[in-house]
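As structure tokens, one chain now follows by itself in the form predicted alone.
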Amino acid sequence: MSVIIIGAGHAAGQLAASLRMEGYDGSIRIIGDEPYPPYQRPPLSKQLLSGDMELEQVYLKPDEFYETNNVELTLGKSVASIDRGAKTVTLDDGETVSYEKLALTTGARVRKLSIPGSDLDGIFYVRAIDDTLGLRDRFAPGKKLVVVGGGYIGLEVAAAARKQGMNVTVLEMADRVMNRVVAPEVSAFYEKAHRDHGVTIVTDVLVSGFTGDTSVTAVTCADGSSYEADLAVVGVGVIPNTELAEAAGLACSNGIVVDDMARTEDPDVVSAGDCTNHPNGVYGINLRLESVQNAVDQAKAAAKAICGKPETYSAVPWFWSDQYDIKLQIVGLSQGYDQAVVRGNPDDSEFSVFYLREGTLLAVDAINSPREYMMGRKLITDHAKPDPAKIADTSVSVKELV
């Protein structure tokens, strides 16, 4: 038996490891278009960019793992097409490979801007190792960096750049940073934290172009404002890589459609990670997640499915962001909340926000508050309805919220 894994990201590395843990003894081949083995993406905008982590440290497994576990890595090549009828994949160099089971862990790509000057040198996106290394090589004290987008990636890059002594401006089109994922109280806390570290944050501004001869020298906005730049980083979201799946006739809708066991409509094809649209039993909805947790847990489910041990994947999503000495841990999905309860004082740089809908806890944002984060996971799993007054009262132990 043979398994071909298309894509060499976090989900691919976990899937290969999980297949061996489940007792699969057939051949495994991972095909990735980057020249690197499966690696972690979160450090790209954090420790690797700031210089606190070396390249080898972002790899999921050492080289010996793939050798010992007989996992073949085909790197620097991409898959051109899938023939589900013949059960083959064709690589961009013309090689055709047969499979018995196929795993699509194709991930996502950055959403790029198509505005005047967007092809100038000095404009970066952070999604792959080469993006980060290229940007890090250009960091230098006193240089001007303009970040387009005030989401996780943009703010993490801003923090890393300030650590290197750069002058940083963040431009966000919404009325506050991280507008889509956190409550106003959390946005306000992060805006203050960045400004306290010397970052200029401008909200309610639409970037309309980049100027410069061959390299970017300024970022211009629709309101006529302009911001000098030696470098620019764009972080405005990602697009799931579903083209191969679509061309192969697999159902796709904001991701490759899979069931709660990571299986596509083809019994011989599974999919895991950022590229999937999957059911979540905790919330009773279908969704696509860009998170390490989903990549890992869904890859484990995909391995079980391949090994004939299908098991339902249903988990509370979690995410995190490191900026300066602040750790944000998010558990759950806050979309659709009708009440946000703050626990603790943001001025102390240690607080949390509990999101509820009709009394049921949906999510928790924990800022330097690991206890609230851990308890939030349990409460959300149990569909708990904690008393908002007790949530807000820090004299009440977090354990008493159960």
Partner chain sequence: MAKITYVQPDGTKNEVEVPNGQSVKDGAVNNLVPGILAECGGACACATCQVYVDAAWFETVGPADGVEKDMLDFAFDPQETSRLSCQVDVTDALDGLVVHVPEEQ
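Residue numbers count along the first chain shown, from 1. On a predicted model such as this, the values are computed, not experimentally measured, just so you know.
A second form of this protein, the form predicted together with its partner chain, is not displayed here; the remarks below concern that form.
The contact residue chosen from Phe139, Tyr324, Trp320, Tyr227 relative to its partner chain in the model of the complex is Trp320, the criterion being a non-hydrogen atom within 4.5 angstroms.
The single contact residue among Thr264, Thr242, Thr132, Gln329, judged by any heavy atom lying within 4.5 Å of its partner chain in the model of the complex, is Gln329.
Stretch-level contact check against its partner chain in the model of the complex with heavy atoms at 4.5 Å: of 336-344, 30-38, 54-62, 353-361, the positive one is 54-62. Within 4.5 Å of its partner chain in the model of the complex, a heavy atom is found for not a single one of Lys192, Arg195 and Leu379. Using a 4.5 angstroms limit between non-hydrogen atoms, Ala389 is distant from its partner chain in the model of the complex.
Its partner chain in the model of the complex is not approached by Lys101, whose heavy atoms all lie more than 4.5 angstroms from it.
Remark: Val292 counts among the residues lining its partner chain in the model of the complex, judged by a heavy atom distance of 4.5 Å or less.
For Met375, a non-hydrogen atom is located within 4.5 Å of its partner chain in the model of the complex, even though that partner is not displayed. Annotation for 161-179: no interface residues with its partner chain in the model of the complex [heavy atom within 4.5 Å].
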